[in-house]
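For reference, the chain that follows is the form predicted on its own, supplied as structure tokens.
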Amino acid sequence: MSNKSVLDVLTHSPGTSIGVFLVAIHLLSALFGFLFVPYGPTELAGVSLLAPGSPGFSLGTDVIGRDYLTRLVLGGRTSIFVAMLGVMIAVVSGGLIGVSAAYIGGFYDDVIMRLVDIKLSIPGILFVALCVVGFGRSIPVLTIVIAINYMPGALRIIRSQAMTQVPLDYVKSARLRGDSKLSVIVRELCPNVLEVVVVEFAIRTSSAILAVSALSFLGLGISPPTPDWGLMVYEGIQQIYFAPWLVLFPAFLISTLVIGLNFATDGLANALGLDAARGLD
């Protein structure tokens, strides 16, 4: 499908347009929100638990008096960064390994797929939680663990797509020209699975953001006082009966980001003629 056709689907499908709009708003807020917030994210700016609409605090304050609007605007920045970077590493590395396994085959392919099966037999959230407990809650650790967690599933999907390309004439022609295995993998096969890589990145980013937020809610993710939506939900649970906005606002933002990613991914998959309705591994 041409670039123009992809752009048409992404802009003329109502659901996809809504998804792209929501994702764009969240990304712009994560990138440039710090330029417009009235206070610092950890600044004790006022009395604790001011209600939304209070003078000087349009969305109130949290339990220790930090401006809630500021923390909401900046709260997605770390989660989005960790999720997107981790999934990018997972999809790129998993894609390269998957394509090489599809092309080389034999013992190498068998070993790779058995390792993938072993990893996929472990529940994802349990694997991530155990790694974070063992190696710490730092952002580099979270990023690497997210990458390891999502790489096997992406590898398997991309390998399946590469398997359909290996028997085709353009691969046979490259072999007859005497191209090396590395050249065939990088120059011939990788460009022809790029669409699957893009869709896999979008699908798994949505899941990764939920995973990072869930870890923060469980006390295993982003460390305070860094603003994070999952952590803010956890902190607000104790005040939910008399300050429900402390839970509802960050939960709403997590939901809109995940919904936006899912809508945008469905539209992108339809535009590329791919299936995005499968469950995550």
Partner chain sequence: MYSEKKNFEKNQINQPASGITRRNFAIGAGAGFVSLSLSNLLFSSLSMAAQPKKGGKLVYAGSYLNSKHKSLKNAKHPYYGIEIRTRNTYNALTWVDEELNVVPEIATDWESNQGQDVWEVTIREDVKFHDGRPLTVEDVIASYNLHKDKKLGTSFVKKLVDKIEKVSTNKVRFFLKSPSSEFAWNLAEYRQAIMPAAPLDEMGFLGIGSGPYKFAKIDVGRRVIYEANEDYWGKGPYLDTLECVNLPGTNPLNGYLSGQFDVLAAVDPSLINQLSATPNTKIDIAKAGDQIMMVLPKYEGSPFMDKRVRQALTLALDREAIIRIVFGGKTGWASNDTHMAPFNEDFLAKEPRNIPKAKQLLAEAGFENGITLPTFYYAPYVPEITRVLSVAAESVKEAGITMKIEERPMAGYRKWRVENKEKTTKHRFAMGPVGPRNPAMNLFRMARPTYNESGYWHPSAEGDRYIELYEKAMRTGDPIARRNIYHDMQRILQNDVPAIFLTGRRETIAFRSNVHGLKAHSQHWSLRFNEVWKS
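Positions refer to the first chain, counted from 1. Nothing here was measured: the structure is a model prediction, and the numbers come from that model.
Form predicted together with the partner chain: not shown, discussed below.
Open item on the list: P224 versus the partner chain, in the model of the complex: is there a non-hydrogen atom within 4.5 Å?
Closed with: Yes, P224 sits close enough to the partner chain in the model of the complex that at least one of its heavy atoms falls within 4.5 Å.
Task: Contact label in the model of the complex: R66 to the partner chain, heavy atom within 4.5 Å - done: R66: yes, in contact with the partner chain in the model of the complex.
Open item on the list: Is it the case that V37, even though its partner is missing from this view, gets within 4.5 Å of the partner chain in the model of the complex, heavy atoms only?
Closed with: No, V37 is distant from the partner.
TODO: Considering only heavy atoms, tell me if I237 and the partner chain come within 4.5 Å of each other in the model of the complex.
DONE: It does: once the partner chain is placed as it appears in the model of the complex, I237 has a heavy atom within 4.5 Å of it.
- [ ] Let me know which residues along 147-164 have a heavy atom within 4.5 Å of the partner chain in the model of the complex, or say none if there are none.
- [x] Sequence-ordered list is empty.
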